[in-house]
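So this first bit is one chain, no partners, the form predicted alone, shown in structure tokens.
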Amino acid sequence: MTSWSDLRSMNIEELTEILTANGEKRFRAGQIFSWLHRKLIVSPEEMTNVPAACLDRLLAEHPLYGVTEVERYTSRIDGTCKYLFSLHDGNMIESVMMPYKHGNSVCISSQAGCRMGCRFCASTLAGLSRNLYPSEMLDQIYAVSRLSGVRVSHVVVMGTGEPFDNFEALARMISILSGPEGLNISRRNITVSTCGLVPRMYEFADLFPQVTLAVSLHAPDDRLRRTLMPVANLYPMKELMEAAGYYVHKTGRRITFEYSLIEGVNDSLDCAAGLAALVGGMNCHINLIPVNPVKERGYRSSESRTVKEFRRYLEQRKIQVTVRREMGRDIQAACGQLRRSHIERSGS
């Protein structure tokens, strides 16, 4: 058994074992699992074909955890919808639904807060409260689907928190989400972003070769990266790029490097040249992200002209690069902004 005893965090094998130990038929596990992960129910009372006595015994030791909507904001610019959810213990997390031509993508959080300390990110300002359970990651996706009435086709684990700092729960979430008994979302439609926890990058490539890996790079060298991302003091660029190369070799897939452009910090053509030298020859994609301003940090987005010149420099060197479309800026869509503003307003 895992350390998660709540109902929605269990896989179907664990649920079957518990139910049969309680004297129930094996098929009950399939019924309950379907209610939880396909029909996306909120309360046990919705499981209409499961006897109350069976549910009472099960829930006595295995509570049904999920998320509850607290606030919702929809962008007038692009339709991005940001949700603030509360957890059973009062912690707050954020999720974002982004409509694209290829489908609806949901960005979920993996932790309540974050301890990575990246200088330009609102998620780290109050530190880490706790890791999320698999159920709490899953129910962000389920809740967005229920509340919006749309089908979710893509999932990115790129919200508040460092997913690889909550690795076991992340792995459980991916397995349930992509399993045939659940929503059966293709693993190729799942992306996980890490700031670069090198040992977990190797493990992830081995466990989930079909899932897209995105690495938050944000600098072309150790000197600059250490000023922006404390994790760079633990895992230098050489080790990070070796792990990235392992992912590409092991999976046969392209890796994504995220690069937030910050005015006057990492957006010079010298930085572009360093980045081109760093990733040259690797099967990769550079995702340039004009940084979302966070008032506590003081960083500003690079000017449009600077972004275009940076992109052009990389393209001229045959590096695949896109500029992420800025979504939800009018609704505090940067990671951690909405959660932090709610905490400040409530004084908790």
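Keep in mind that this is a model prediction, so the values were computed, not measured. In this text, residue numbers run from 1 along the sequence as written.
This next part talks about the form predicted together with S-adenosyl-L-homocysteine (SAH), which is not shown.
- When you look in the predicted bound form, the only residue of C271, V265, M158, L84 with a non-hydrogen atom within 4.5 Å of S-adenosyl-L-homocysteine (SAH) is M158.
- A single residue from the set S95, N166, T80, S216 has any heavy atom within 4.5 angstroms of S-adenosyl-L-homocysteine (SAH) in the predicted bound form; that residue is S216.
- Interface residue remark: N292 is counted as part of the site for S-adenosyl-L-homocysteine (SAH) in the predicted bound form, having a heavy atom within 4.5 Å.
- Using a 4.5 angstroms limit between non-hydrogen atoms, E258 touches S-adenosyl-L-homocysteine (SAH) in the predicted bound form.
- Though the partner is left out of this view, Y246 does not reach within 4.5 Å of S-adenosyl-L-homocysteine (SAH) in the predicted bound form, counting heavy atoms only.
- In the predicted bound form, S-adenosyl-L-homocysteine (SAH) sits within 4.5 Å of a heavy atom belonging to E162.
- Exactly one of the stretches 203 to 211, 129 to 137, 187 to 195, 174 to 182 approaches S-adenosyl-L-homocysteine (SAH) in the predicted bound form with heavy atoms within 4.5 Å, and it is 187 to 195.
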